[in-house]
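Here's a solo chain for you in structure tokens, the form predicted alone.
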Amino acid sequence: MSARNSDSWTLRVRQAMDRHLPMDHLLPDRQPYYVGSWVYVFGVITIAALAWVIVSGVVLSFFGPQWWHDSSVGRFFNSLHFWSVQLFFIFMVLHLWGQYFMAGWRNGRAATWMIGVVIFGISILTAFTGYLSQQNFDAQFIALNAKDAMNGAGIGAFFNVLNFGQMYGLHVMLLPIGVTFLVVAHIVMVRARGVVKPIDPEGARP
């Protein structure tokens, strides 16, 4: 039986990957000159900051609130997690706005752009649940002031900011997995379709 007529699903998946994401796109050895733009550098820094957020967050989740409040090593990892989140948001916003002004959704890349916007929205929710998971007076103050907003929006019964278990579970499991999955999808789509070309000045080409 020829490979073309094979019923092997693994072969079909491999052939689909070869068509949509060939290896020279996934791991290119050459890139156009405009990839050196700071806008794309901001995106890479965002990914690096996310890696530090995940690593420090995993360490914190293993040892718990008592450790990150009372231990010097725990406070170090807590600070590392906090500042990694700050860098993640700073460079993500720079990357997002840079792509907005570059019209990064052109030439069939609208889905890639929209995934980036969704990542930004979910990241805000992840950071919010992180503040509620600190187990200190800041977390209590934020939760008490946010509960009325959640109830006013009609989602207080499903998103209970006073429930530490729910907020902690969302922060360390569901939301980070969602952000990581979407970031990977975003990178794969960028690799598959390439980065968008700069907008040509009017009259630059015949």
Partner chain sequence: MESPATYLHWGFILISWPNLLVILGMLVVFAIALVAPFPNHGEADDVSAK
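Numbering follows the first chain given and starts at 1. What you see is a predicted model; the values in this text were computed from it and never measured.
Only in words, not in the display: the form predicted together with its partner chain, which the text now covers.
Novice: Heavy atom within 4.5 Å of its partner chain in the predicted bound form: which of 146, 172, 60, 39 fits that? Just give me the one.
Specialist: When its partner chain is considered in the predicted bound form, the option within 4.5 Å is 39.
Novice: Would you kindly say which of 127, 80, 94, 115 lies with a heavy atom within 4.5 Å of its partner chain in the predicted bound form?
Specialist: None of the other options qualify; the answer is 94.
Novice: In the predicted bound form, do 34, 98 and 109 all reach within 4.5 Å of its partner chain through at least one heavy atom apiece?
Specialist: Per the other structure, all of 34, 98 and 109 touch its partner chain.
Novice: Which single stretch, out of 40-48, 138-146, 160-168, 176-184, brings residue heavy atoms within 4.5 Å of its partner chain in the predicted bound form?
Specialist: Comparing against its partner chain in the predicted bound form, the contact stretch is 40-48.
Novice: Even though its partner chain is not shown here, does residue 90 get within 4.5 Å of it in the predicted bound form, heavy atoms only?
Specialist: Yes, residue 90 sits close enough to its partner chain in the predicted bound form that at least one of its heavy atoms falls within 4.5 Å.
Novice: I'd like to check something about residue 192: if you look in the predicted bound form, is any of its heavy atoms closer than or equal to 4.5 Å to a heavy atom of its partner chain?
Specialist: Judged by the heavy-atom cut-off of 4.5 Å, residue 192 is in contact with its partner chain in the predicted bound form.
Novice: Against its partner chain in the predicted bound form, would residue 12 count as a contact residue? Criterion: heavy atoms within 4.5 Å.
Specialist: No, residue 12 sits far enough from its partner chain in the predicted bound form that none of its heavy atoms falls within 4.5 Å.
Novice: Only counting heavy atoms and a 4.5 Å limit, does any residue of 141-162 reach its partner chain in the predicted bound form, and if so which ones?
Specialist: None of them.
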